[in-house]
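Only one chain is shown below, in structure tokens, and it's the form predicted alone.
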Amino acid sequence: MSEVIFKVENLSKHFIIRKSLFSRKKIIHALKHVNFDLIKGEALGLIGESGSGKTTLANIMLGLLKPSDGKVYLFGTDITHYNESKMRPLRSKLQIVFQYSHSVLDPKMTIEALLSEPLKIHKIVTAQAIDSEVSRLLALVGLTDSEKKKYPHQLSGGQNQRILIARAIATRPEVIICDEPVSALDVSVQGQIINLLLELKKTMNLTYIFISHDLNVVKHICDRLAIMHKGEIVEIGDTNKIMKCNLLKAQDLIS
């Protein structure tokens, strides 16, 4: 029987906005009754136009936002109302790769320091083994020890994205949420990063949630697609079937 890592049940999220103290409040429904399971070892694509609720959903799954209604289960445990202290032990098993490396990588830290940080925080290896583990992580993402003493500004966009991925896998996670991880890169570099993610998925038995608005990207990496529109999942299923049968509909929804 397939193991369910994430289970999302009837998840909703709304935000209340006031332009001023005396203005009427406006309710924005970011998510509306979202349901799906994430199966161990699969790559599930969340696709949709900007504002469709993809990132809001990811933030709730990561415990960074609380839902207005519904439940989130991780490894069979209800984490819907976990505070940060309860979420902290789970962080090593649940990681994220962001879209823009420059918003995540501290420009004052060397690559060695950036990769050592999660190893120390989560106590992945002993202090004596950190240097060799950094070298191993660099090799896993296609970089060499020559990058250790460099700073992010000395690397290309593609190389920095590889560093983000190396930081994510440093804690030996089970699930990685990839939030538009290649959209800021040149097309030629996008293919390299996609191939890297596919290789790591295979060698490390990873499970992905892959957020994107680009059908051409998700079709290469995702086993299933969930199409989001105005806060709802309007279709979910096998990637090939959706691409063949509903391509025009999918393009309309995310454009």
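We number the residues from 1 along the sequence you see. Quantities reported herein were computed from a predicted structural model and do not represent experimental measurements.
Another form, the form predicted in complex with a small molecule, is not on view; read the next lines as being about it.
None of 33-41, 219-227, 188-196, 51-59 except one has non-hydrogen atoms within 4.5 angstroms of the small molecule in the model of the complex; the exception is 51-59. Put simply, I28 is close to the small molecule in the model of the complex: some heavy atom of it is within 4.5 Å. Interface residue remark: I17 is counted as part of the site for the small molecule in the model of the complex, having a heavy atom within 4.5 Å.
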